[in-house]
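Starting off, we have a lone chain in the form predicted on its own, written out as C-alpha cells.
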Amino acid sequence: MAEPTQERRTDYGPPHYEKFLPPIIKKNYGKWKYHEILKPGVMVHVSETGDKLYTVRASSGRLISVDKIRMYCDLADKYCDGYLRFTSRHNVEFLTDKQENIDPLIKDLQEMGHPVGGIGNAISSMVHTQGWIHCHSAATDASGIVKAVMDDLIEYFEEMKLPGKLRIALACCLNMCGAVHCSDIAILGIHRRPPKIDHEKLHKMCEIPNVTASCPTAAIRPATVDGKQSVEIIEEQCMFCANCYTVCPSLPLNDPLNDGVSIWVGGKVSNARHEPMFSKLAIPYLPNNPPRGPETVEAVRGLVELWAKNAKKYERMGEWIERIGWPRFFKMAGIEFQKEHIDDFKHAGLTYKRSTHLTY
C-alpha cells in the first residue's frame, strides 16, 4: 500500500493573527455589544456574554529600542497575561480583563515616562515618517518635530477637553509615507528647488532611461553635456518629489537653505457626520529649525487652539472649516492667501470619491 502523500502547504507568509489574540477576544470574537471610555486613555469593551476587556493606551515613540520593547513586554506580563498591541498611530495598548490592574499599570507607565491618553476627544500619538534619521529624500526632520509638537500639546493627549478627535501627522516629503493626506493637521516636508545634476558622475552611476522614466511630470530628458551623456531638467515641470534621486544618486535634491515644512488641515478618514476629507494647504512654508522646530510647534498649537475654541462638540477640524468657510478660516488663523493655495487639481475627482455619503 502506498504511503499517504504529505499534505501540501498553502499558507505562506506571516502567522495567522488568531494565534496571538488574547483568550477573551477569541472567546468573544464578533460578539462585542459596545465600548465606552472610562477615563483618559482607558476604555472597556463589553461582550454579549458579559465579559469585559479593558484597554490602556500609552504614548510611544515610532522608533524604539529592543530594551524599550522588553520593558513593554514586562508590563504586559505583569498586568495583562502577556498581551499588548501597537496602533497605526504608534500608541502602545495594553489589554487586560482585570479592572484592578488598570491603575497600577498606569502608574508604572508614567514612571517609565509614558503618559496615558489619546482616546476619545483628544490628540492621539502622531504618525510620522523616517525623516532625516533614515530617508534619502526627506525635506525635514520627523522624530524631532514630532517630539517637540507632542511635548507642547501633551495636555490634549492626557485629557479629553477638545471638541472632538484630533489626528496630527508628519510626512518628511510629499511622497507621504505618513497619513498627511487625511489628518486634521498635517506637517509636510517640502523641497523647493529642483535636483542638482552631477554631470561628471551621472553617466557612470545611473541608467539614463530609468532616470527619465522615474519622473511623474516628464520634467527630465536626456542631454549631452560637455560631451558626456547626462540629463536636463525642465524646472517649471519639476514637483520636487525626489523620485529621480531614488534611482540616481547623481541628482541630489536636499537643500539646507530652501527645504522646510508646510502645514495642511482638514483631513479625516472617518465617515461619521461627513464623508472622508483630504487635507488642504494652510501654511505654504516654514523653515527647518532643528531640533525642536519652534516655528512649526507654534503654528500647530495656534491651529489646535483656534479649532478648540470655535468648533462644536464632536466637530472635526475639516468639518468646522467647511462650516465657517475657508476665507473666514484664513482670516481667523491669520494666514495670508498665496499662490500656493490655489487648488486646481482635478484628476480622477470622481474615481477617488468613494463614500457611504451620497453627496452628488
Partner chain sequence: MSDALPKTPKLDELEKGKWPSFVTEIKMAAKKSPMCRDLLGQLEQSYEEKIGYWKHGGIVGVMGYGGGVIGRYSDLPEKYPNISHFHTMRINQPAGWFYNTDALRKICDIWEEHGSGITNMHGSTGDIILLGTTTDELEPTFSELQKIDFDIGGSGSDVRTPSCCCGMARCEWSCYDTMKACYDLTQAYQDEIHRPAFPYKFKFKFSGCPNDCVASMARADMSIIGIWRDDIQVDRAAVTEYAKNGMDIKADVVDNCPARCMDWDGKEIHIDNQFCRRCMHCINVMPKALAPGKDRGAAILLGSKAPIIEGALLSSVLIPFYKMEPPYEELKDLLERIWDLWCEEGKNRERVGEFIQRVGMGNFLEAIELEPVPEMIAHPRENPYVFYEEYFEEDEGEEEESES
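Keep in mind that what you see is a predicted model, and the values were worked out from it rather than measured. Positions refer to the first chain, counted from 1.
We do not show the form predicted together with its partner chain, though everything after this point is about it.
K.L.:
Mark Glu336 yes when one of its heavy atoms lies within 4.5 Å of a heavy atom of its partner chain in the model of the complex, and no otherwise.
P.N.:
Outside the cut-off, so no.
K.L.:
If you check in the model of the complex, is Met43 within 4.5 Å of its partner chain, heavy atoms only?
P.N.:
Met43 belongs to the contact set for its partner chain.
K.L.:
Can any non-hydrogen atom of Asp11 be found within 4.5 angstroms of its partner chain in the model of the complex?
P.N.:
Yes, Asp11 is a contact residue.
K.L.:
So in the model of the complex, does Ser143 come within 4.5 Å of its partner chain, heavy atom to heavy atom?
P.N.:
Answer yes; at least one heavy atom of Ser143 falls within 4.5 Å of its partner chain in the model of the complex.
K.L.:
Arg193, His203 and Ser262: each with a heavy atom within 4.5 Å of its partner chain in the model of the complex?
P.N.:
No: no residue has a heavy atom within 4.5 Å of the partner.
K.L.:
If the cut-off is 4.5 angstroms on heavy atoms, which of these, Ile208, Cys182, Leu281, Cys238, is the one near its partner chain in the model of the complex?
P.N.:
By the 4.5 Å heavy-atom cutoff, the listed residue in contact is Cys182.
K.L.:
Considering its partner chain in the model of the complex, which of Arg323, Lys68, Lys39, Arg328 comes within 4.5 Å of it through any heavy atom?
P.N.:
That would be Lys68.
K.L.:
Which residues in 196-229 have a heavy atom within 4.5 Å of its partner chain in the model of the complex?
P.N.:
Residues within 4.5 Å: Asn210, Ser214, Pro216.
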